[in-house]
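The chain below stands alone and is given in structure tokens; this is the form predicted alone.
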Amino acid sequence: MGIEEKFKDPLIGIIGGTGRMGSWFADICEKRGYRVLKVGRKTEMSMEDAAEMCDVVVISVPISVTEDVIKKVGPLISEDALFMDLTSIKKRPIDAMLKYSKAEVIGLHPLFGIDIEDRESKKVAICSGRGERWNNWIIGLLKGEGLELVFLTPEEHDKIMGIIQGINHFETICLAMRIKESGIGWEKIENASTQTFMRKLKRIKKMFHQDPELFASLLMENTWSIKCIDSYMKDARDFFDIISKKDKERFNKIFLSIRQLIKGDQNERDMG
């Protein structure tokens, strides 16, 4: 089968296809009528067999083992194929796909929780690694699902996720720890909460009903998460120094500078 025919009717192999995110991507492909092979720990087909057979090979396994899986299957993938991953970190998986395969490489990161149905537009970060022949296929597939694409380099993605995931999840866990250690009790805090704080409590509830391995990986595997959290803690210490000394002049200076940052970005968007 030539490359043009592959675009029309690709065989898609999803390693980790029985998991939640892998199943989500499989559903998208199957709705388009594509043939999909889902590979999991209990499936008869091995990930090596799928890598050799498929025109599109997708890695959707825990972050901690992603690079090991890529190393095993990468050399088996055809040069004409598309090699992708769905993990929340992009630089290291893409570097590994480039190193261990000759296929075209694209990294995807769905920027939403697949277990939540919301009315807002859902976004997917897309990071190019190598080649252009498969670009229109994956872009058409995702846009056909009504997804908004955010194009980033792998480095940009991980740096941004250092804030969006790293600091965000770190802050949420620290708040949960402080509530626990306060001894006040969840119910009393919930009963006295404002609507704004209730949203934070809901975030905590949602987080702590999920697998801790997910958040451990997001905080520990992305080097930018660690860098951003370190800077955040220094900022927090500086800000604590300001409020403990009741330094309203420095407080106002910081407050107004951030307001100006927000206004400046908003003005740019309005002009665009």
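Just count from 1 along the sequence shown to find any residue number. Fair warning: this is a prediction, and the values are worked out from it, not measured in the lab.
The same protein has a further form, the form predicted together with a small molecule, not shown here; the description that follows concerns it.
- Screening 136-144, 176-184, 195-203, 83-91 for residues having heavy atoms within 4.5 Å of the small molecule in the predicted bound form returns a single hit, 83-91.
- Think of it this way: in the predicted bound form, the small molecule has a heavy atom of just one of Cys29, Val69, Met53, Leu37 within 4.5 Å, and the residue is Val69.
- Interface residue among Met45, Ala236, Met220, Leu214 relative to the small molecule in the predicted bound form, by the heavy atom within 4.5 Å criterion: Leu214.
- Taking the partner from elsewhere, Ile63 is found to have a heavy atom lying within 4.5 Å of the small molecule in the predicted bound form.
- Among heavy atoms of His157, none comes within 4.5 Å of the small molecule in the predicted bound form.
- Residue contact check for His209: none of its heavy atoms lie within 4.5 Å of the small molecule in the predicted bound form.
- Although the partner is absent here, Gly113 lies within 4.5 Å of the small molecule in the predicted bound form, judged by heavy atoms.
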